[in-house]
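So this first bit is one chain, no partners, the form predicted alone, shown in structure tokens.
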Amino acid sequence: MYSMNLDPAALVLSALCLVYILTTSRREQYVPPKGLKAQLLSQHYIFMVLLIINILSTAASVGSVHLMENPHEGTDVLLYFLLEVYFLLHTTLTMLFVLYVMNVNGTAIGRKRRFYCFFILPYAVGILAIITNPLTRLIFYVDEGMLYQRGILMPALYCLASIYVLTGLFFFIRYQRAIPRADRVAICSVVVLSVVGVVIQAIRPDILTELFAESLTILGFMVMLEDRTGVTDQTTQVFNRRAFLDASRRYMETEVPFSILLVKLMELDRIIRLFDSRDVDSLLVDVARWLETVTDRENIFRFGQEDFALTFVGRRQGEAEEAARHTLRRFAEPWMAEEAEVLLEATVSVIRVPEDVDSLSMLQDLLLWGYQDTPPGSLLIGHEELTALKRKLAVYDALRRALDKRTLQVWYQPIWSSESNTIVSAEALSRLFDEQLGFIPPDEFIPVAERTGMIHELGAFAFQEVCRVLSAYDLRGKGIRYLEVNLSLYQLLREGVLEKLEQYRAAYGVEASQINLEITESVSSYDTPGVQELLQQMRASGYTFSLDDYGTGYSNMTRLIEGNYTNVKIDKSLLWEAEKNPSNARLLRNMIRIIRGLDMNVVQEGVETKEQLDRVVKAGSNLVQGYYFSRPLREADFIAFLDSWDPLTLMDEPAEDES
């Protein structure tokens, strides 16, 4: 009857797959999603149904073949029943197979009801034909010898199956970028294997290979797509960061809108220090289990050590926001760790895709470091705060582009000497212009550079630009004694910074005395011995230092004396406050006179008017920087400014300081 029958092997193989899934110790008991819609859009749920139906379909086929090979009187009804079951289940298997592939790449999500009406239509036609087959005998029939025979509409049943295969193939190719390359290769391989088995049996009805090929396909899906050990967080048993990124990629590539409820645990390091690691793990498990009351486990991800992300697919922003408020209320109550109550603080926010973020890279940046500056305590990040975080990400991207393409600019603001009435120096200032964001002020991109570590590249770029300008122009012949370059604490903390600066300087043949390094008072007072030793080494190499923003913080006179600074730059805010009341004016005047008495230069920043100039010069400031002389200038404009400088510009004597 059959020259080859692989159905028993298919039954054993499928049964082993089911046993493995249900009993493996690496996987917790599977909890199906709640609701029919959620189940139909769950990749793992569809796979489980697919596997069970394949087992039942194969069992029906094995039983029917056994009855045909061992006919007995009175078994014709049972044989017909098994064949009916086989065709009903096998037709369902084809439809579920395509639905599974569409779930893998996310194309099943977000489809309207109309789509699914058309999607199920071929299936409904096939099922109707099978149900009515006892009357029509158009699909199959059993002859007098109890042998299965194909009906005239059997090719039509194969055509209906082909419609589903072609539909799945279309969505697979159309949205292939929605899944990783390895998964694409896996799907192609097993689909080809399945098609080969179907084609062989269609051409040679005496060779039963179709079910075995389909069982091999299911095995391939289980091994390559359904093994959750690589996408499961081992502590909490919810999905991990990789699974979250895969899911987000699927939604974005298939243009499915979704919302992310981010729960970021604050000060988890403090909890780790207080309790045993097992108690901390138990606490995290409790958090994960509670989050399952908010949404299905299929939609919960542990994105990082302190971060959980919950996804709400579709236009469910209101549901996500309500879940956020509910979560925040829970974190206002204590959790249990080592039989002790622990108050966990959490930052909770809702991120809408694509309204708030429209790319996977932007989403990763936002989740990884966008919340670093959030204040302590549990709080809900609203739309305005999220907009500010997005702005920081945009600035980050702009700075990254500028550094990569070397489009960052260094401008120079002249510094005037009251003693010689000439321009004797200039401060090098980084300027960022972006095609998308336009001009980005330094007080925006400098903090971003410091938080992300790009301050090292930024500082190196500015230093090299200053060296290039000093090498390209005879600035000493134009009266410039040195150029000032800002140096941050983050740069000083990196090993080998002095060696790098010396390397850059030597490449341009610039003397160290031509460069003055500006550091803030907070950097100068940093108590790490390594930093103080490094500053001494830099001075020994010939660099001079300016103390920047003096007077804005805790101005320690002892540190000022010990710092051996060439210049002390007084912040513009002190000058502007001095114009408002006599007390601030006396403070400014006395501060300038004390610093000058210590044989250090005073650079007064922020001078914009003749009255301000007269005030600080009368008080003793010998160097002045501000808009009164010039705004920061591009390189070419700065050189032109030096060439056109006319000392007669300041012929008038400064007025007496009336304060």
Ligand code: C2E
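Treat the numbers as computed from the prediction; the structure is a model and nothing was measured. By rigid core we mean the largest C-alpha set that fits within 1.5 Å across both forms. Quick note: we count residues from 1 along the sequence shown, nothing fancier.
Below, we turn to the form predicted in complex with the named molecule, even though it does not appear here.
**Student:** Exactly one of 184, 481, 431, 352 has a non-hydrogen atom within 4.5 Å of the named molecule in the predicted bound form; which residue is it?
**Tutor:** That would be 431.
**Student:** Would you kindly say which of 462, 198, 560, 127 lies with a heavy atom within 4.5 Å of the named molecule in the predicted bound form?
**Tutor:** It is 462 that has a heavy atom within 4.5 Å of the partner.
**Student:** For the interface check, one of 453-461, 136-144, 238-246, 531-539 should have non-hydrogen atoms within 4.5 Å of the named molecule in the predicted bound form; which one?
**Tutor:** Within 4.5 Å of the partner lies stretch 453-461.
**Student:** Counting heavy atoms only and using a 4.5 Å cut-off, do 487, 572 and 632 all touch the named molecule in the predicted bound form?
**Tutor:** All of them do, each having a heavy atom within 4.5 Å of the partner.
**Student:** Check residue 33 for me: does it contact the named molecule in the predicted bound form (non-hydrogen atoms, 4.5 angstroms)?
**Tutor:** No.
**Student:** Any chance residue 602 has a heavy atom within 4.5 Å of the named molecule in the predicted bound form?
**Tutor:** Close contact is absent here: in the predicted bound form, residue 602 is far from the named molecule, nothing within 4.5 Å, heavy atoms only.
**Student:** Hey, in the predicted bound form, is residue 282 touching the named molecule, heavy atoms inside 4.5 Å?
**Tutor:** Because no heavy atom of residue 282 falls inside 4.5 Å of the named molecule in the predicted bound form, the answer is no.
**Student:** Does residue 443 reach the named molecule in the predicted bound form, with heavy atoms at most 4.5 Å apart?
**Tutor:** Yes.
**Student:** What are the residues of 409-423, in order along the chain, with a heavy atom within 4.5 Å of the named molecule in the predicted bound form?
**Tutor:** The stretch touches the partner through 413 alone.
**Student:** So that I can tell if residue 427 moves, could you say whether its C-alpha shifts by at least 2 Å between this form and the one not shown after the core superposition?
**Tutor:** Residue 427: C-alpha displaced by 2 Å or more between this form and the one not shown.
**Student:** Using a rigid core alignment, state whether the CA of residue 217 is displaced by 2 Å or more between this form and the one not shown.
**Tutor:** It does not reach a 2 Å shift.
**Student:** After a rigid core superposition, would you say the CA of residue 298 moves by 2 angstroms or more between this form and the one not shown, or not?
**Tutor:** Superposed on the core, residue 298 moves its C-alpha less than 2 Å between this form and the one not shown.
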